[in-house]
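Shown next as C-alpha cells: one chain only, the form predicted on its own.
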C-alpha cells in the first residue's frame, strides 16, 4: 500500500526518511532506520570531514540497505563533504541551508540521488530545474531551523508546482500525521523528533526525557532577528533569547548566547542552557522504542486510519 515512487527510486520498503539532525543523526540511528525499511540519514553539519567519513563507513558495516547524508550547504566544509559522498558511494544526499546546484552534476555522475529540503514553492521549482530527484517540503512545525509556512499549507502547493516526488516534513509524529500528508499528495515523509527517542539514538537521556515530558505548547521559535529562526523546547536558554528580542539586541549577542548550545544539550545533557531542538509533535511522544518499532507502528496506524476513513465515506 505504501510503495510509492520514492521507494522505487531509492530502493526502500517504507517511504519514510529520518531527519538529518545536526549532532544527533549518526551511524547508530541511520543504520537502525535503514534496517527498519526507511532511509537513515547521517548529518554532516559542521563536523570534520574525517568524522563524516567514519560515520559513513560505520553505517555500511551495520546495514546493507540504502542510507543518505545530509549536507548543510552553508557549512564551511560543504565542498569537502560534497566530494566525500562521491568517494564513499553514498546513495542519497539531502541538502539544507542553500542551493546545491553547483554540486548536482558531480553527484549525478556518481549515481547519487539528490533531494533538497525546501521551505517554499519557488525554491522547490528551482530545485527541480536544477536537477533534483525529489524535494522535502518542510513546514514550520518541525524542530530546528524553520521557515514560515505550515506543512498543511506548503505540501499541497509544492505537489501542484513540481513533477518530482515530494516528501513532507514537519508536524508528523504518528500514523495519523502520516496518513494526512499522503492525502496532501506527498509520496513520503521525513521524521525527526519521533526518532529522537529511538533506542538507537545516541542523544543524551536528559534530551530524550525533555521530549517525553513535553506538552503541546512547549516549543518556541527563537532567533528570528538573526534570519535563522529555530524551533526548540522552552527552557532557560530560550527565555534568554526571547529577552534579546525584546531588547532589540545586536546580532552578536545572539551568536554569543547560542555558541555551543546544541552540543551542550545533545552531548552533555544540559537541557536548561542547551538548545533542545524539537518539533511541535513532541507532545505526542510518550515512549522510547526501537527505530523498527517506530516505523512499523506509524505505518500500521496510517493503514488503520485509511480503513476507518474509507468506512465513513
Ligand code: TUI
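Positions refer to the first chain, counted from 1. Remember, predicted model here, so these are calculated numbers, not experimental data.
Missing here is the form predicted together with the named molecule; even so, the following discussion is about that form.
Exercise. State the residue from 175, 119, 171, 156 whose non-hydrogen atoms include one within 4.5 Å of the named molecule in the predicted complex.
Key: Exactly one listed residue reaches within 4.5 Å, namely 119.
Quiz prompt | Proximity to the named molecule in the predicted complex, single hit among 184, 201, 230, 237 (heavy atom within 4.5 Å) | solution = None of the other options qualify; the answer is 230.
Quiz item: Just one stretch in 211 to 219, 69 to 77, 86 to 94, 159 to 167 has heavy atoms within 4.5 Å of the named molecule in the predicted complex, so which one is it?
Solution: In short, 69 to 77.
Practice problem: Report yes if any heavy atom of residue 101 sits within 4.5 Å of a heavy atom of the named molecule in the predicted complex; otherwise report no. | Solution: Because no heavy atom of residue 101 falls inside 4.5 Å of the named molecule in the predicted complex, the answer is no.
Exercise. Evaluate residue 277 for contact with the named molecule in the predicted complex, applying a 4.5 angstroms cut-off between non-hydrogen atoms, and reply yes or no.
Key: So residue 277 counts as contacting the named molecule.
Self-check item: Contact test in the predicted complex: residue 22 vs the named molecule, heavy atoms, 4.5 Å
Solution: Output for residue 22 is yes: heavy atoms within 4.5 Å of the named molecule.
Quiz item: Taking 4.5 angstroms as the cut-off for heavy atoms, does residue 125 touch the named molecule in the predicted complex?
Solution: No, residue 125 stays farther than 4.5 Å from the named molecule in the predicted complex.
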